[in-house]
Each structure stands twice: as structure tokens, then as C-alpha cells.
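A single chain comes next, written as C-alpha cells; it is the form predicted alone.
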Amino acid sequence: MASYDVIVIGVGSMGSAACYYLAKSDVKVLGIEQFGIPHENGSHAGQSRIIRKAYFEHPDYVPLLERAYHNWKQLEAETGTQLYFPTGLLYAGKADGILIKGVKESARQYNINIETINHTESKNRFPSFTIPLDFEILFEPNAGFLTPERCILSFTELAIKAGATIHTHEQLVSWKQDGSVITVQTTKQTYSCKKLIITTGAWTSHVLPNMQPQLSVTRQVVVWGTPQQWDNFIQRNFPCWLIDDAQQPGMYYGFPILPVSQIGGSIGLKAAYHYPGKPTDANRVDRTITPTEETELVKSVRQYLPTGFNSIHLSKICLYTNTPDENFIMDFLPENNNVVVAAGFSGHGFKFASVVGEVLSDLALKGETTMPIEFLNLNRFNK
């Protein structure tokens, strides 16, 4: 039986980062991934992910974001590859809506640079947008996007370089703890370890059935379109954006057209709807996208980008793993400080991967972290 100090189950967004920080700490680490690295079956594919500091969800996330930005910069320096692209981020919504109020509150508490833009200025700076006159417009210049596949590959490569063992196309069958030893059985082999980290995304409730009440997996549609004027929407002319739709819950968001020759991924202008979609099981996802699903999404986005989606070039399915309060879970399993879980990132977690990996490493090796994650513990669901 091969023995390790720490085994990480799931080498995606959070797991690849955890493997990297563990390997840098000079411990014997094994990462086990049921698919390839990266892959399109879960939540991390799709070419781009927004990163922002003025976090409307809750100001408590901002210290984690500050550390995440720092860690992404360090990863870029170590790899010599640009992973974060500061395009700026346009926010729009009603002044009393959750988005605008939340952005302002986080910016106020942590002195984050946010610009207030009137509609005339918006038309001059961002002519491709049509923003309702009763919406407020904000702009965060230091926001932008990350390239998730390259981030995950970078973490994985550096983890291996630092001594980690990474196994792909190997599925967890079971795990159990006997005294101070944890035994991990996969479809290929049996391993033992002292500490176990579980970062299995949409499969978490399969690995940890007791967490099923706290996690629901939903199917999310993402589209890439062809605009009327391509150059209006390329990276140097167009920002990332997030708009609080007043007609229904949730928000629409998107990215500039990215140069696939440099970044890879899908061609065109990307947009999606940030709100839990149809419930699904990670092992039985219907990845067929109906014309109605495409049409409804594009119709809504065209309210704000009337020339952005002349036609649909491509559509894909990704997965959200949602908690009841849409906040993450990062904690030890109840009454077991040898098993750490990170899950329930609720469609807004990728930007945190660089700090989550560091936190998971600290929890596994030190039993604690200096980062403020108390609001993300499992106990909150028992109150």
C-alpha cells in the first residue's frame, strides 16, 4: 500500500492549488482526479472566470480576495505566464438592488477603487452597452478575468515539479479512517495517508453523503456568440460585465472576446446567467442544450448588448454546486480534524482557488489557518 502524508481527492480548481501548496511545504502528497486535468465535466472549464474585489455577496470575502490576488500574482511570476487579465468590470443594476448595494458596501469597508459612471459617460466609454436609465452604473478598474484551464495546469505542473504525485483517470471508490490512518480505495489501487482533503466539486455529496442536505448541483448554460462588429467586443475595447436584472432573480455576466490563439478555449463573445439552473446529478448531466435555452439566454442578454449576439457560435453546460446560503464550505469534517473539505462554491468560487489551496494546505498540515474563514464553516447549517 502506497503511503502519503496528504491525499487530495479531486484535482480541479481547488484541488490543484492544494496539491501545489502542499508540495511546496515538502510533504508527500498524492492528488487523485477521476477525469483529465483540466476537463469539461464540472465547474472549471470555459476559458474565463471573473475576478473582482468589491464583493457584493459579502464583505467578509474581501480579505480572502486580497490574498487571492497576491497568490495569483505569485503564480504568474513562478510560471512566467499571464493568468490574470485586468480588463475592468462594469456593474449595472438598480441602486437598491443586491449587486449595487453590495459592491458599494464592500468598496466602502475595504477602500476598493470603484468608479460611479453616469449614462452619458457610459455611452462614451462603453458604447456597446444599453443600460436602462433607472440603473446605476459602477466600474471596478482592477477587476478582470482569469484563465481557469491554464491556472489549473499551472498549479498541477508546479505541484509535480515540487514532488507531488498526480494520478488522472482514477476514481475514488471509498475511504475510511482507522485510528490515525486513512485508507483510500480507488479503481486502480489502495493508498494510506494521515490527512485527506476532499475537493470534488459537484461530486462532493457522492463522496460525503452526509453533506447532501447542504449541497445541490445545478446545470448552467453558457453561450459564445458572434457580434455584429467583432472589434467592438475584443479584449482591449470591451470589459467584463455583471448586470443585476430587475425583471427576475439573478444576474447576467460576460467577457470580452478573447484571442484563442494565445489563450485557447472557445471562439466568440461569452455570456451566461448567474442563478441556479435545473437540478441535476453530476453523474447524469443532460448536456444537450435546447434551442429554447439558448434563445431565452440570448434574448435577455440582448437587452444590454443589442449588437453582441448576432448569432450563437457555441453553447456548453457547466455545473454549480450550491449551498443554501450560497457561501462556500471550507472546514474539517465534523469531529474529524484529519479530513478537510472544500465545497459548495455556488458559481462564484474560481477566483478564490489560489487562496483556497493555501488554506486547505494549512488546515491539513497545521490544523488551522490565519485566513478569516470562520463564516464558511459547516456549523452554520446547524444554528
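Just so it is clear, the model here is predicted, and its values are computed rather than measured. We number the residues from 1 along the sequence you see.
Just so you know, the form predicted in complex with a small molecule exists too; it's not on screen, but the next bit is about it.
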{"query": "Candidate stretches 208 to 216, 290 to 298, 96 to 104, 192 to 200 - the one whose heavy atoms come within 4.5 Å of the small molecule in the predicted complex", "finding": "192 to 200"}
{"query": "Heavy atom within 4.5 Å of the small molecule in the predicted complex - residue from Val341, Cys318, Leu64, Leu30", "finding": "Cys318"}
{"query": "Single option in Thr280, Asn71, Gln220, Thr87 placed near the small molecule in the predicted complex, where near means a heavy atom within 4.5 Å", "finding": "Gln220"}
{"query": "Candidate site Gly12, His44 and Gln171: all three near the small molecule in the predicted complex by heavy atom within 4.5 Å", "finding": "yes"}
{"query": "Non-hydrogen atom contact Phe255 with the small molecule in the predicted complex at 4.5 angstroms", "finding": "yes"}
{"query": "Contact flag, Phe332 vs the small molecule in the predicted complex, heavy atom cut 4.5 Å", "finding": "no"}
{"query": "In the predicted complex, His39 touching the small molecule (heavy atom, 4.5 Å)", "finding": "yes"}
{"query": "Residue contact check: Gln34 to the small molecule in the predicted complex, 4.5 Å heavy atom", "finding": "yes"}
